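Have a look below at one chain only, the form predicted on its own, in structure tokens format.
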């Protein structure tokens, strides 16, 4: 599933492309991916101009001048790919500056937005993602947005704020707490593993057993790996691409994630994979010693 850096990469790409463009038409193949009333689509989406593209946690928000917004959740396999009218066929897998997506629409395309000179395709192989049209003023009242935690990369989110949030669950493992979206927004498996390695904390350590100094290191480690991932265009494993259809390169810089059996870049010991909080978890058992 795309995590905060991947969704932020998509947001930045769309922010350069969509504002000022008018939605001429929209089509979809299944109501599950586009669960909106036709009357609302006709009145508040068709003919609307994009004002801004925002993000909250792992969710994209495209604000329209009709005072409605498109809320887009990519879930596990969702993609948003922008193509100009004369660039609907673009190949070149393996070339770093070319799209890895071929002809569009394809069999995974669920929603198509048509603009004056371009198309925005929402592709989703597993059909878990969705695009919803809602009144912009109602977004803060939606259950997800009411419950989701603060943004870890926000300028006003300080180390003490991070520690206070984490300590709300003293008897839980630190990995489980990092993955809890009500504690902190946008952290998933990749960046939990990477930040815990950076802070030398074993993923199974209970929050109550982690010192304030270690939590401060974890705060900085989490932000550092996320900022680096955004710089590298996110982490592409199978499905994630940016709005041009290109893969992100962060996993080339990962220290432990998907590196089981390889040497730890810090101490040389073998990286292992275990299961924590129901998720495959990568760590160095020498650098990240388990608290007994």
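Keep in mind it's a predicted model, so treat the numbers as computed, not measured. Residue numbers count along the first chain shown, from 1.
Quick note: we don't show the form predicted together with the DNA, though the next part is all about it.
Distance criterion of 4.5 Å from any heavy atom to the DNA in the predicted bound form singles out 188 from the list 105, 152, 221, 188. In summary, among the residues 67, 266, 49, 258, the only one with a non-hydrogen atom within 4.5 Å of the DNA in the predicted bound form is 258. Interface residue remark: residue 205 is not counted as part of the site for the DNA in the predicted bound form, having no heavy atom within 4.5 Å.
Although the partner is absent here, residue 58 sits close enough that one of its heavy atoms falls within 4.5 Å of the DNA in the predicted bound form. At least one heavy atom of residue 3 is located within 4.5 Å of the DNA in the predicted bound form. Within 4.5 Å of some heavy atom of the DNA in the predicted bound form lies at least one heavy atom of residue 273. Stretch 73-81 is the contacting one of 111-119, 210-218, 154-162, 73-81, since its residues have non-hydrogen atoms within 4.5 Å of the DNA in the predicted bound form.
For the three marked residues, 144, 235 and 279, a heavy atom of each sits within 4.5 Å of the DNA in the predicted bound form.
Applying a 4.5 Å heavy atom cutoff to the DNA in the predicted bound form picks out 125, 126, 127, 128, 144 from 122-152, in order along the sequence.
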